[in-house]
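Have a look below at one chain only, the form predicted alone, in structure tokens format.
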């Protein structure tokens, strides 16, 4: 009875014939099992095994590591994206994100450009100890700081500070290598003339490529320097960038520079939709950030109890993730700037300080989740890790 009722459905016979045809002439899809997953893993592998093929001295404080794949293949990326490099230093497993400074139109290597950070932990290791032939591992390229032709227009202003030049260098190399139809005005803030990363290459590319305009702003210039001096301010942006009505602004540099320049753009009435930001790491001095409790000092120590019962000490003035890594607790991470949310961790007890710009979902705020890469203990804590 059940079989007969199916045959009464309109189009049933035609459907049966179609199935027979597909069985006779169709492709055997079971042979393709796993191909989609293989394709996804090729574009977005969980990790990449890399080897240093070249070390390029850029300035007295900055070097570029040219990284090639050990298996001969590197995933594609968009100019402006970054990779998170993993390493073990003095027995501590840690990581740091670095923007890819090479152009995406070549697929043989990733360049990452590292500037020495005063009292830093990772940058001195990469600059002083990593040599040609050494191995490193990283995440696949990620990040949202890249050009979108649908929304960003063709008139772009890049506001860079220090090592914040690196994602812009990738973009400039791509535009000039491929002759893309975009106008780029790079306004680059550096401390001294000899501290300008990619100085000669930037001058060369801006000399032959009509799409590129270059302006330097030096905060500690020599007596002979005749260009723009001081910091990238509202006034200097107005003077250098000219009519800003249809321009899209990209900002990349240290947190302090990003905050200062973002305020300048707000004062110039640049809409938020025409501003793109990439922040390099945590603030230099977290205790100077708005909302930091006055009773807590940078060197104050707090006890952190982990769900397994382990107790560690953490200083108030550095991100929780650093303290966890020193104690052998490694949390998944990519951006280390409070954006990707990969390191999200639940606070069972106690309070942390998180600076402005940390992108916590409302549900995470409600249920007391934090991003340890940009969270600072301001009292004793219990964490679920």
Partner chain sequence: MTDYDAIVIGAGNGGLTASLTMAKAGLKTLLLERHNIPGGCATSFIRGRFEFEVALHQLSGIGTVDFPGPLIKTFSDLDVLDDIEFVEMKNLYRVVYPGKMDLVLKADRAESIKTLQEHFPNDADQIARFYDFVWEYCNQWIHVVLMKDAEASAQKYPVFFKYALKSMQEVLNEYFTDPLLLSAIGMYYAYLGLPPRLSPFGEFALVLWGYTEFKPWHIKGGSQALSNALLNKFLEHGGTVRFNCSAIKINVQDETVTGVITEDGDEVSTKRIISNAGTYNTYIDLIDSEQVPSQKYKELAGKSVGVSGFTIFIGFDEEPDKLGIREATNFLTMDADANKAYDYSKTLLPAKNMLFTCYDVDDPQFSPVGCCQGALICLAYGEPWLKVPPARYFERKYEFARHMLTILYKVFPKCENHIEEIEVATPLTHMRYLGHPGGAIYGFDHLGKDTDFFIEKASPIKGLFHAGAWMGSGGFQPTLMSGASAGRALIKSLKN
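Numbering follows the first chain given and starts at 1. A quick note: this is a predicted structure, and the numbers were derived from the prediction, not measured. Basically, rigid core = biggest C-alpha set you can superpose within 1.5 Å across the two forms.
What follows is about the form predicted together with the partner chain, which we do not show.
Novice: Of these, 47 to 55, 353 to 361, 60 to 68, 313 to 321, which stretch puts a heavy atom within 4.5 angstroms of the partner chain in the model of the complex?
Specialist: Stretch with heavy atoms near the partner: 353 to 361.
Novice: Give a yes or no on whether each residue among 85, 229 and 290 has a heavy atom within 4.5 Å of the partner chain in the model of the complex.
Specialist: The answer is no: none of the three residues contacts the partner (heavy atom, 4.5 Å cut-off).
Novice: Can you check whether residue 146 is within 4.5 Å of the partner chain in the model of the complex, heavy atom basis?
Specialist: It does: once the partner chain is placed as it appears in the model of the complex, residue 146 has a heavy atom within 4.5 Å of it.
Novice: Residue 73: heavy atom within 4.5 Å of the partner chain in the model of the complex?
Specialist: Result yes; residue 73 sits at the interface with the partner chain in the model of the complex.
Novice: Against the partner chain in the model of the complex, would residue 215 count as a contact residue? Criterion: heavy atoms within 4.5 Å.
Specialist: Outside the cut-off, so no.
Novice: My question is simply whether residue 225 lines the interface with the partner chain in the model of the complex - judged by any non-hydrogen atom within 4.5 Å.
Specialist: No, residue 225 stays farther than 4.5 Å from the partner chain in the model of the complex.
Novice: So which bits of 267 to 282 sit within 4.5 Å of the partner chain in the model of the complex, heavy atoms only?
Specialist: Result: 272, 273, 276.
Novice: Taking the rigid core as the frame, does residue 13 move its C-alpha by 2 Å or more between the shown form and the other one?
Specialist: Yes, residue 13 moves 2 Å or more.
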